[in-house]
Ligand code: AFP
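Next up: just one chain, as structure tokens, the form predicted on its own.
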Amino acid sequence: MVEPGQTKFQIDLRRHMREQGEDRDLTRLICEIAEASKYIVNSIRTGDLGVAGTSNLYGEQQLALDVLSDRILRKRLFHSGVVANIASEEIEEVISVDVESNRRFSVAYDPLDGSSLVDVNLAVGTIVSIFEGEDLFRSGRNQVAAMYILYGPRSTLVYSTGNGVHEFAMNALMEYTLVRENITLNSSAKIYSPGGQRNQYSPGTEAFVRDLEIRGAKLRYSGGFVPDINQVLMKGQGVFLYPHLNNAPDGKLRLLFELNPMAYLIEQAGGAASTGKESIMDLIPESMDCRAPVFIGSKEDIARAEMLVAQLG
């Protein structure tokens, strides 16, 4: 809450969470992740853009920045003292935190989503999902918090603990200060971000995209999940889709590291997230590599997508 005579830009992340009455351990955890992002920002600005000579669990070649970002985040999560298990998109197995800890939370994250865009100077981000307890393989409805950090012209942090969606920006002192509280989405989209090759779309997905175009929705696609979702949220309207494709029926994005946290944030802002058939938040990941198609954003448009996919496939 902004007090009389005080601007919202003077309220930092920790104070905002304290004034929201958030759990002390959860506040500590989120602030540790925010702290890690400061080092990731510096790595993006100054680090090696080459390959690391290794592959992640999906067989994808790792960039040096992927590996470094993962190490930075892991170190801060261990340091938090409140984490039981860690799952990273860059590591093959769930890591159990053996250091002395009260083991209240487990965390899944993509340390640098869109890292292949760094060498062409496009925005990238970190995505984080937080569960209470030691089990990460549950539906997204069991999340107690989700957040992402966008590394663009500005570095911004967006989080929710189930009490609204809030945006913070990194200032000159590398502190996150409040920009917007309780971000909400309009029910209908005016922008859309379509991932995947359109010639591989199913008839239902193609009909949905044509419907958006006829209505005058503008195409805005960066190739990065974090900046595209951020645009939907900050514009207060829009749809992102990476649907089921003829050559990839499960889509591309991973449930544990990408879809669960973004679905949580979008639903908290009054939007919806669907596979085209069911809510993303109701899915239970069977493995770390579990993927799903996604239609996410303004609620009425997601319902329209589900209707067209049900009718046409």
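None of the values given here were measured: they were computed from a predicted structure. When you see a residue number, it is the position in the sequence shown, counting from 1.
Quick note: we don't show the form predicted together with the named molecule, though the next part is all about it.
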Worksheet item: in the predicted bound form, does each residue in the set S115, R254 and E258 place a non-hydrogen atom within 4.5 angstroms of the named molecule?
Response: yes
Discussion item. Check Y201 for me: does it contact the named molecule in the predicted bound form (non-hydrogen atoms, 4.5 angstroms)?
Written reply: no
Worksheet item: Quick one: does G140 come within 4.5 Å of the named molecule in the predicted bound form, counting heavy atoms only?
Response: no
Discussion item. Taking any heavy atom pair closer than or equal to 4.5 Å as contact, tell me whether G223 reaches the named molecule in the predicted bound form.
Written reply: yes
Worksheet item: Does F168 reach the named molecule in the predicted bound form, with heavy atoms at most 4.5 Å apart?
Response: no
Worksheet, complete the sentence: Here the chain appears without its partner; judged in the predicted bound form, the stretch of 224 to 232, 170 to 178, 184 to 192, 154 to 162 with heavy atoms within 4.5 Å of the named molecule is 224 to 232
Fill in: Interface residues of 226 to 242 toward the named molecule, as seen in the predicted bound form [heavy atoms, 4.5 Å]
F240, Y242
